[in-house]
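We've got the same protein chain twice here, in two forms, each standing alone as structure tokens: structure 1 and structure 2.
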Structure 1
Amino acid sequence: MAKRRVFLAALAVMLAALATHGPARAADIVIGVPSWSSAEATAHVLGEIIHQKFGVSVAYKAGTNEEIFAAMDSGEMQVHPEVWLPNHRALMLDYVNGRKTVAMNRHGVPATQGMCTTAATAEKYHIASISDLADPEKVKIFDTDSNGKGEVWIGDKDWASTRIEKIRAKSYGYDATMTLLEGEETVAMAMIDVAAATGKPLVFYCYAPHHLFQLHDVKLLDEPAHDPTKWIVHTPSDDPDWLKNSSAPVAWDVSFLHIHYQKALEEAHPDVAKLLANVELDTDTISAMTYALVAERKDPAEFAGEWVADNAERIEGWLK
């Protein structure tokens, strides 16, 4: 597990209040709720559809990726709303291909990550490409401590992706022109809020789906397409000189988000299993759902109810 596992730990406290309705109670279907907002949104929408269409009771329970997969294996949980692949490929191979106790929805939702800037920054200062960050003159606009170097947030210090962002900064050369900041996502998001409100130039690590893209007008910086032959990424555990020996001067590969569910549902609740196999979401839909819950602070159950009503035709297609 890469980014998402550490992401869980980093945001567990922040999202605790949103992540669950409390301890799982006796219910036909228990949906695991990982501690990031898009998974929470999908969890509640799926739960609401299942409850409305099949009349079964649904409960929600917070958990890490590993916990939810283990719970689907043991029968304590039935659904994981958002598994990042290939980040969690090992879990998928273990439970889906190996133990055959978990099934995977085949309709993956593309997920992207990279470096972003505010639209105002891109327009006013002509920051469009990740190569711009290696230009010492261009990045002076991001200098807030008068040391001649810009500053850029590259992620939470505990995220696996942050380590890779260090490799990318070295590979593109902006580790020499910018100070790489690591810190909590809550702080980084507030920094973007302030930049948007004041027009202050800002560049930062970003990933989608994320409510950020509904909240602010941000641009993903251009960079060379992903090339697996150029993506040489070592970890501290396999190489003490991991940063020196790594190189990644290309974009991240696209990840895919997949719903997973307990295989036994195909016998216990075949209608529910069919729905979970057929659901087909997309990046914009998940981002919009997340925005409604996180930014607009809609009650998850109420929002899911509205969403189901507004998307009746689409949902009918998933039930066939």
Structure 2
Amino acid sequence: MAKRRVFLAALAVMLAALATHGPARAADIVIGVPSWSSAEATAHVLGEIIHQKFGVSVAYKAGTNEEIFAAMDSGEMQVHPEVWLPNHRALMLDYVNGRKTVAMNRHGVPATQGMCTTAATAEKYHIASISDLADPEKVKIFDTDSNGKGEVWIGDKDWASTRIEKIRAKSYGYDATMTLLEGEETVAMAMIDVAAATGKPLVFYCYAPHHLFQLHDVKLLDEPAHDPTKWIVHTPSDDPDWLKNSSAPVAWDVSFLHIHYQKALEEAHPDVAKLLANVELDTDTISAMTYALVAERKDPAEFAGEWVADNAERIEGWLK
């Protein structure tokens, strides 16, 4: 009898809690957030527009590119705010062209990728070309652990570009002269801040749009122009010996950033799908957004609210 009273009391507490807070409810739209700053900024701006204009609830969930595409395919997520092509071309071909469960916004934002050094490093140590990284004498300035090899950050371990940078390092030969470091971008950006402030030599993977180019004077290393006939890039999923069988001794081709979204939104939320198909950003806009989040340390949600208020006319054009 005592146990029954305890059970009824606990049940009463649960019912009271539900009456106060309501049952847990999943968001209408879940936006995937990959691990780089421009994607985070775009994710929150899109979420704010969707919530304000259509009154649907929005949630954000971190994930790798592979996880977000798979979640859009299964319906667990609805939006990927920034897919880099050609970096994620295999995912795009699989889910957009193959399975047809994901749609791609056609308005790509031009982007660049490569290897950068600080202007001070370039000037003082004459580091101007990516071929300099294969020179054992020149890269001694990047050796911080006295193992005879320099260090270079090539990206986050979950980025597709990091795998390609391994291929490029092998192709140019600096995989033999330098240790290829993989790690979170926030740590790498802190290293760049310190190098820029102290003059410490540093070389690192870089990409634009990115707030880095507004914060510091950095130089993109010279390399042979992109040649598609020399860009032979395999993935671990299509070739177990992908690194051995790949070669890319040339610059990246011009890249493009595209919003992707769940195809089923066209039926479930056609107004949201129309917006996501019409959004048209540019390099300066994305760089400014990332600068606000990273350099000015603005809260992503608060920044998104400000951005939407300041760009009302532009947004209205995307809704037509």
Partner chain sequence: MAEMTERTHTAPLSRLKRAAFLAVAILGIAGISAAAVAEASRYWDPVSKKWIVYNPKRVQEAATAQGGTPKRFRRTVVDFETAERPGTIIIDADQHFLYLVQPGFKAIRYGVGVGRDGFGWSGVVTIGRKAEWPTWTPPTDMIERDPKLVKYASGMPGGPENPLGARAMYLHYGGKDTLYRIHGTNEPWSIGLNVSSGCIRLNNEDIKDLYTRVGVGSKVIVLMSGAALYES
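All values reported here derive from a predicted model rather than from experimental measurement. Residue positions are counted from 1 along structure 1's sequence.
Participant: Quick check on the two chains I just loaded: which one is the form predicted in complex with the partner chain, 1 or 2?
Facilitator: Only structure 1 matches the form predicted in complex with the partner chain.
Participant: Any idea which of Val254, Asp158, Glu185, Asp271 is the hinge when one rigid bit rotates relative to the other between the two structures?
Facilitator: In this comparison, the hinge residue comes out as Val254.
Participant: Relative to the larger rigid part, the smaller one rotates by how many degrees between the two structures?
Facilitator: Value: 27 degrees, smaller part relative to larger.
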